[in-house]
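Just the one chain here, the form predicted on its own, laid out as structure tokens.
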């Protein structure tokens, strides 16, 4: 008889039941050819004694293997390895693996996605995230509870909802966009998503084909670029200046070849924070009509403008159905609250739902209803007013501290709005080296590589101030200064 007590091992620290471990181990012995077809196994009592387990554990394992066709089990007879299994040649004895394989047993295309963020230090100069501590969580929790009670009624039954988003949220968003941005949206023009990234992905799947030309700025939002490239598009970069995207370069490109789509973040360009002038916005709308291309307007932080009045989106002046407008409630509330939206003509909205259903049957109905109530009762607007005041103060302090502490190494322009500062370190500063040293001190910051132009870095970086309190920002810049002095003083 085989030394089953040696070949069949258990890890009693695992949460996996012993019967399941035993069936997997026996299956492994059969696959290795160590227990060939037709072999009689020891009785349940005998094997249980050898393995120091309960007899019922062995019986359960045998039943599972019999159900899968590995064993033949008959009353009052020994369990037998099925004779209908394919012949397996004996393999050298190796320890049976525990758990999932370390890597896939097949090849696949990994693509070139934006790296997933590693756990950040407590102090991080991010790319411009809102401070979730300012979110109206009490009101949101109250509305969530009300929505749960309402949707759990016999009529609603917490069933499947509209892939386009709940009617109430789309109604409230339409009202909000008309009042704040001049976008003449009705509920049938709105499609809700789990953040703007999902919106970009769905739009790329809908309107792009392999080989299509997509225009982006020379520095642009990396996640959007990756989405377009994954759809097979070819990226064409045009310049930026103090008035935003250089529209004359777009016009020149359109003369040379057909452009399918232009992507831009006009209100506060990502990453440079510059605002696209009103004149250039009108030029772009005219170009889109003349050359038959789509404009995807990602208006991710329209709500945060501090100096003067914000310029209305291109979507507010679009009457030809050329602009697909993206917004994010995650920027207005908190990154963990995944809600975004697309504003588009009704035929585009209708075409998005089947695409969404391939990956996500619908959004979070409870969250959508809770946020709709925030909008309806005015709490969303009051929150934005409070948050805008905080972020305006934090921007001013951030600029003041940067000038006082690191002006020797870092220059920047005060942003008119948004949640981050765009600036440039002196040529002497090796930004990846600086970021690595800051992390050792407990400060997270970008190494600048995602802002490189054609793979070449120039020390430019985006420093988010909104997610940090004044005390946290002051401490962060103190650590940044400490790292700069350590590496580059003298």
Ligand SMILES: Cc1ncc(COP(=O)(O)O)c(C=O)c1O
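Remember, it's a predicted structure, so these values are computed and weren't measured experimentally. Numbering follows the first chain given and starts at 1.
The form predicted in complex with the named molecule is left out here; the points below concern that form.
Asker: My question is simply whether residue 265 lines the interface with the named molecule in the model of the complex - judged by any non-hydrogen atom within 4.5 Å.
Answerer: Taking the distances in the model of the complex, the answer for residue 265 is yes, it comes within 4.5 Å of the named molecule.
Asker: Might residue 338 be said to contact the named molecule in the model of the complex, defining contact as any heavy atom within 4.5 Å?
Answerer: Residue 338: contacts the named molecule in the model of the complex.
Asker: Is it the case that residue 331, even though its partner is missing from this view, gets within 4.5 Å of the named molecule in the model of the complex, heavy atoms only?
Answerer: Residue 331: contacts the named molecule in the model of the complex.
Asker: Just to confirm, residue 366 within 4.5 Å of the named molecule in the model of the complex by heavy atoms?
Answerer: Contact with the named molecule, no.
Asker: So which stretch, 355 to 363, 242 to 250, 407 to 415, 298 to 306, is the one near the named molecule in the model of the complex (non-hydrogen atoms, 4.5 Å)?
Answerer: Of the options, only 298 to 306 has residues within 4.5 Å of the partner.
Asker: Go through 143, 196, 172, 272 and name the one with a heavy atom inside 4.5 Å of the named molecule in the model of the complex.
Answerer: Of the listed residues, the single hit is 196.
Asker: From the list 221, 191, 380, 325, which entry has a heavy atom within 4.5 Å of the named molecule in the model of the complex?
Answerer: Answer to the contact question: 221.
Asker: What residues, if any, in 1 to 30 have a non-hydrogen atom within 4.5 angstroms of the named molecule in the model of the complex?
Answerer: Nothing in the stretch sits within 4.5 Å of the partner.
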